[in-house]
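In structure tokens, the next block holds one chain alone, the form predicted alone.
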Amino acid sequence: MNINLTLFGEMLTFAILVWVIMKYIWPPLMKAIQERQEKIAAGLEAAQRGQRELKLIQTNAAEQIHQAKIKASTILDQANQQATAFIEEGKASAQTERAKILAQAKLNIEQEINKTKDELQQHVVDLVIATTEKLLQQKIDETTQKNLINKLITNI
């Protein structure tokens, strides 16, 4: 047995096998590996981009929520101010109306008092005249009656 010839045969077979693999199997295999690496890299890049966008969106959402809270607070403050203004306006209107009603009531009371005084004075005068007529048993003429009435009114 010749080791050299067998060794050369095995080397030649191995070289042919390597050449066939390099020629027909290796390029598609490398192409598939490269495509897979590109897909993985693209997927990783998309995941990183998605995380950046998610952080940006979360930041924007937090800012919008903060702005909405500020706006809601402002609107609530304005509503409270308007409510307070309406209440104050209502109080002022009520005070004005109350003052008008009190003034009118005082005027009505004063008029009633004056009317009642006048009626009372007239009744007193009539009673005095009737009493005086009965005492004197005579009728007093009109001029004397007016003089007596005026004196009684001034005394009362």
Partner chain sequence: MVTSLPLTESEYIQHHLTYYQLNLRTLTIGNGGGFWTLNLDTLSLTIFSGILIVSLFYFVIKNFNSERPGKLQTAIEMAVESLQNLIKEMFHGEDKLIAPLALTIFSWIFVLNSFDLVPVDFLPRILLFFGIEHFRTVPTDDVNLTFALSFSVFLLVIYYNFKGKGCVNLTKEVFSSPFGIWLAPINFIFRIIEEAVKPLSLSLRLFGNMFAGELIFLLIATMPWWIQWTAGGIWSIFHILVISIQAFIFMMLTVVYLSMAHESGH
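Numbering follows the first chain given and starts at 1. Predicted model, so just to flag it, every value in this text is computed and none were measured.
Unshown form predicted in complex with its partner chain; subsequent notes refer to it.
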| item | value |
| --- | --- |
| Contact check for 78, 105 and 108 against its partner chain in the predicted complex, heavy atom at 4.5 Å | no |
| Proximity to its partner chain in the predicted complex, single hit among 65, 32, 54, 94 (heavy atom within 4.5 Å) | 32 |
| Contact test in the predicted complex: residue 58 vs its partner chain, heavy atoms, 4.5 Å | no |
| Contact label in the predicted complex: residue 5 to its partner chain, heavy atom within 4.5 Å | yes |
| In the predicted complex, residue 37 touching its partner chain (heavy atom, 4.5 Å) | yes |
| Heavy atom of residue 142 within 4.5 Å of its partner chain in the predicted complex | no |
